[in-house]
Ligand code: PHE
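The data below hold one chain only, encoded as structure tokens and taken in the form predicted alone.
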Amino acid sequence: MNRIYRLFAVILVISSGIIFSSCKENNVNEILIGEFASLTGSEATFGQSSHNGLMLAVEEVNGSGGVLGKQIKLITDDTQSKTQEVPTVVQKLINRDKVVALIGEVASSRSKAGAPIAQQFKIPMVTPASTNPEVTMIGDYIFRVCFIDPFQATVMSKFAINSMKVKRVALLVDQKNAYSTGLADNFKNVFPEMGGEIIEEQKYSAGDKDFKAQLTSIKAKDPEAIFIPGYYTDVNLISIQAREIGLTCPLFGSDGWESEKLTEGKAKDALEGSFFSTHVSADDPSPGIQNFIKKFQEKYSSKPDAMAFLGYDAGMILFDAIKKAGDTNGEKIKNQLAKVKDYQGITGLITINDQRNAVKPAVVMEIKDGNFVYKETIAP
């Protein structure tokens, strides 16, 4: 029996060595990149779009020979649109999967939950679309390829006064969401400086189904428009209920509105003539944008939104930084990300400033017959 056990042990050791060698060989030929995204849950369209755009970047780079002679391998984990899931997901990507960099998340609250862990382990992290300024303040390994809320608030303040010709505005804010509260705070600072007046502010919590008490209070103040810096899931219901109680003034908001689900059902009519700021317009005739749209539609049979464009840009900027670093060392990649200047992304020329934020224009879209139609561009 002892001879049988010894023989079994030898076979086990040899087999383990073969498996280990095989895994090691695969890793040598791959660069592991982690992505944490809301693939399911309340903001699933954001995560899915960003992921699809990122996958196009991965396929394009790998099809051209990869980076540093290796193929990019993307490991994606779902946060389920839950902030509390993020630490577990990010720890797993870093400590178990051994990724050398991270892409994620779209939502600011979830990027803020993941960034401290990336910073602790010195893993560069690039968020495609988290606009709250506090995200990149967490540390020097945290970057973004989108503009930030102070700029977005300035854009919509300018647009409200100069294009919408409104001055008396009410606010409806998601009180538990860093994205919404940050945008609202910046809007409250900028809009009055431009001659506007905030006549009422009401709050809600993401996932609420009844907004009529807040809307009734707003209606009593007779606003010329309502600024709602929230996500499409809530804005859809808010717009319907606003019209049901006789609030007829235009609504306007931010990039969190951009989803095909925004205008589903009765919201198609309720949001007619409303506006929101975002990062890029599919109506832009530039070759880069139109080529991306064509590739995206061929692969996914749908039209890309801003999150898809930003997911692609986040990936391409990261892969370019790894190439320029000549290494997968976190500090070297981080140093190259900090040097990004006038990078020609599909969402425009991107420069990373000293706060690791992207300096770039914003566009304003108008909702017409359920579609998002380009209105104007506002530069930094």
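Heads up: residue numbers just count along the shown sequence, starting at 1. Only a predicted model underlies this, so the values are computations on that prediction, with no experimental measurement involved.
The form predicted in complex with ligand PHE is left out here; the points below concern that form.
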Legend entry - 4.5 angstroms heavy atom contact with ligand PHE in the model of the complex for Asn132: yes
Legend entry - Exercise: Tyr231 in contact with ligand PHE in the model of the complex, heavy atom 4.5 Å: yes
Legend entry - Contact test in the model of the complex: Tyr179 vs ligand PHE, heavy atoms, 4.5 Å: yes
Legend entry - Proximity of Phe46 to ligand PHE in the model of the complex, heavy atoms at 4.5 Å: yes
Inset, instruction - Give a yes or no on whether each residue among Ala107, Asp255 and His279 has a heavy atom within 4.5 Å of ligand PHE in the model of the complex. - result: yes
Inset, instruction - Determine which one of 107 to 115, 67 to 75, 214 to 222, 265 to 273 lies within 4.5 Å of ligand PHE in the model of the complex, judging by heavy atom distances; exactly one does. - result: 107 to 115
Inset, instruction - Any residue of 286 to 308 with a heavy atom within 4.5 Å of ligand PHE in the model of the complex counts; write them all down in order. - result: Met307
